[in-house]
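A single chain, nothing else alongside it, follows as structure tokens in the form predicted on its own.
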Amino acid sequence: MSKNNEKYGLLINYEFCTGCHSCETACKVENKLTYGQWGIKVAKDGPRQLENGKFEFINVPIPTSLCNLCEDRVNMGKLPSCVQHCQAAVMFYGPVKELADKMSEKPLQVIFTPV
């Protein structure tokens, strides 16, 4: 998706994703996805014990090929449904260049852009 020829995407900070699945549910409702279809899906990684003895367990929201960044919502001036409903406020929508700048500030983040 682009506005003024600028590529837009999602920045997902998975360090603080709680795995609540609100993004999944909001996306399914907004896009009227049927059973088994997901525009975004929360994957779980871990638990695994680290060298320092602590355990790591990560939740990573992964947009799928069905994600169009809620093009209709965005055209009405709203945020993508997953971003709007993220309970942990770890998802951001914006120009990819701005998201990349924000991503350089800390690790454990990913940027998604639709095809």
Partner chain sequence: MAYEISEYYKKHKGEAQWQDGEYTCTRTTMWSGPGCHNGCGVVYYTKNGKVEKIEGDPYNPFNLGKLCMRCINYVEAADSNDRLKWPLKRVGERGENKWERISWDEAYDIIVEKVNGIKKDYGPESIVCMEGTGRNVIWQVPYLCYAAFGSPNFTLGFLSGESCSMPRLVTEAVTEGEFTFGDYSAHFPDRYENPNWKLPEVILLWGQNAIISNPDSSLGHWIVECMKRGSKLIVVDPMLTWLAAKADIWLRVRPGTDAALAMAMNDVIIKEDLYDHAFVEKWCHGFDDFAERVATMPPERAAEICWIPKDTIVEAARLYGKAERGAGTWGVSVDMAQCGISAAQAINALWAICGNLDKPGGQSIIRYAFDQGLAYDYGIEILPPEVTAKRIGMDLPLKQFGFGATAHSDTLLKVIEAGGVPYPIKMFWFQSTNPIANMGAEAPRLYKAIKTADFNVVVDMFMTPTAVAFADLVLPCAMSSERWSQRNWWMPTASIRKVASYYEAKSDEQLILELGKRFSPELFPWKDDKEWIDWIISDQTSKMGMTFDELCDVVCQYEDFEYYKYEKGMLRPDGKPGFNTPTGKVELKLSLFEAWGLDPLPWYQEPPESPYSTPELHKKYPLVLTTGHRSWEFFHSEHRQLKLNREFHPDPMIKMNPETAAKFGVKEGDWVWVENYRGRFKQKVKYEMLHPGVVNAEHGWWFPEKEAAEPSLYGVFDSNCNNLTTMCQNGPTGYGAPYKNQLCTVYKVTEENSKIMPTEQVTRLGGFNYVQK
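Computed from a predicted structure; not experimentally measured. Numbering follows the first chain given and starts at 1.
The protein also exists as the form predicted in complex with its partner chain; that form is not presented, and the subsequent description refers to it.
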Can you tell me if A26 lies within 4.5 angstroms of its partner chain in the predicted bound form, counting non-hydrogen atoms only?
yes
If you check in the predicted bound form, is Q84 within 4.5 Å of its partner chain, heavy atoms only?
yes
Does C17 reach its partner chain in the predicted bound form, with heavy atoms at most 4.5 Å apart?
yes
Taking heavy atoms and a 4.5 Å cut-off, does C70 contact its partner chain in the predicted bound form?
no
Note that its partner chain is not shown here; using its position in the predicted bound form, name the residues of 75 to 89 with a heavy atom within 4.5 Å of it, in sequence order.
M76, G77, K78, L79, V83, Q84, H85, C86, Q87, A88, A89
